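Take a look at this single chain in structure tokens; it is the form predicted on its own.
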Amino acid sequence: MTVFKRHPENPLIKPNPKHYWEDEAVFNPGATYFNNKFYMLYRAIGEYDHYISFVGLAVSEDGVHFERQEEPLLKPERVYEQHGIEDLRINPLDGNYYLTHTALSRPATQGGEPHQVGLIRTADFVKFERIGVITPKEFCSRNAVLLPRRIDGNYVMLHRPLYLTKERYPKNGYYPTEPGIWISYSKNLVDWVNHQLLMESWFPWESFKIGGGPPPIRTERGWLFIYHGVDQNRCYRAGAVLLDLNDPRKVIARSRYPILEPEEEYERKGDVPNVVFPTGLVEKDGLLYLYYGAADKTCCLATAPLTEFLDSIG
């Protein structure tokens, strides 16, 4: 199995004591390539009493050395996100960038449930349009990403509903024992239907739950989708699957072992120990740039050759 190699300059982004909104933690960065530059939108924490997440912007020419803005790019403004905009992903689609994020209407210090997925649209990372909440409360969803193109005219979302498990729905068909990754479809990006289980926990390293990572990217062998898995000791690792290009409900191949797991001190020690949480993926010149949060404290990078990586997962 080809695994991602950490960049020697990790962590790339650390808390900044000069900025009130990001002086405690910066982590779980969404990433994309825009206007010949790497754009990273990261989650930022400025205090622990209320633990409200902001979103910061960092831009890089080479994907390694980032310049950060002085002020937050996004702050909680609406009622449904008043307690935080968390774990944002950048989804390129139809000539725009759709920002999926976990929206907290209740305090994170109290668990924040029910989590919902919020959607924001931008064309230039300067002006932003809040589309609103796109998942129902009864799902308690997070970790949502969008497929970069429509399938049979439908938008496609992959997300992790916390409540859709065998424990909560024991009599209504098949549901996974632990929270899994589901696929849903929409005509308008707001109303989502045909919710189907896509993946559930298979291996010991992901036995507690799994959830989406960065948005899938198109390859000649299928949609490459990187996800996170959590074991019974609450250790977060990363895995990968290939989904059929024309029917993403079909899993072509899946990594049996983690492609990245906590090993370095900055991944093992932090606000939440033993966490590698992938949220951004960029392919440039045949190289995969995987951006991830380490121990809920810093933003890091790992890379792998695309072809070699695809060979290793089938």
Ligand code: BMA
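So that there is no doubt, residue numbering starts at 1 and follows the sequence shown. As the structure is a computational prediction, the values presented were derived from the model and not from experiment.
Below, we turn to the form predicted together with the named molecule, even though it does not appear here.
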| item | value |
| --- | --- |
| Partner contact for V275 in the predicted bound form: the named molecule, 4.5 angstroms, heavy atom | yes |
| 4.5 angstroms heavy atom contact with the named molecule in the predicted bound form for E81 | no |
| Close approach of D296 to the named molecule in the predicted bound form, 4.5 Å, heavy atom | yes |
| R237, heavy atom within 4.5 angstroms of the named molecule in the predicted bound form | no |
| Stretch from 249-257, 27-35, 282-290, 64-72 whose residues place a heavy atom within 4.5 Å of the named molecule in the predicted bound form | 27-35 |
| Those residues of 128-142 which, in the predicted bound form, come within 4.5 Å of the named molecule by heavy atom | R142 |
